[in-house]
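Given next, in structure tokens, is a single chain: the form predicted alone.
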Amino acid sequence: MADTSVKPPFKITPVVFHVLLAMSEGDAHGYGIMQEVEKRTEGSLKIGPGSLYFTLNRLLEVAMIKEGAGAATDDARRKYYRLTEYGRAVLESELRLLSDIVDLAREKAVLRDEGVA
């Protein structure tokens, strides 16, 4: 099988992964990203403003995200961000890797399908 993974310029940490995932459905602003990550992780990952904006700036620098457009009714001071094609490819590559790891764990009976005793 050919390696179709996209190599990012730095390690995809849980924070980076969840920020990219939060933007996978469309444009998002910083506070909305923080809320989405906390909701999706059921509170196990809370990103503070400093970490979030450091991560967003880093993702902007390597063109994984770009500034997007918010709704016309939103606060004009609020910056929105969106995934670039490259950012989406990195996210998809990371998701495939995680899926392969879960499949391997199931093969080795480390992780069983739900409902199986």
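One rule holds for the numbers: they count along the sequence shown, beginning at 1. What you see is a predicted model; the values in this text were computed from it and never measured.
The same protein also exists as the form predicted together with the DNA; that form is not shown, yet it is the one meant from here on.
The shortest heavy atom separation between Ile47 and the DNA in the predicted bound form is within 4.5 Å. The DNA in the predicted bound form is approached by Met34, whose closest heavy atom lies within 4.5 angstroms of it. Although the partner is absent from this view, Thr13 contacts the DNA in the predicted bound form, with a non-hydrogen atom inside 4.5 angstroms. Within this chain, Arg78 lines the site of the DNA in the predicted bound form, having a heavy atom no more than 4.5 Å away.
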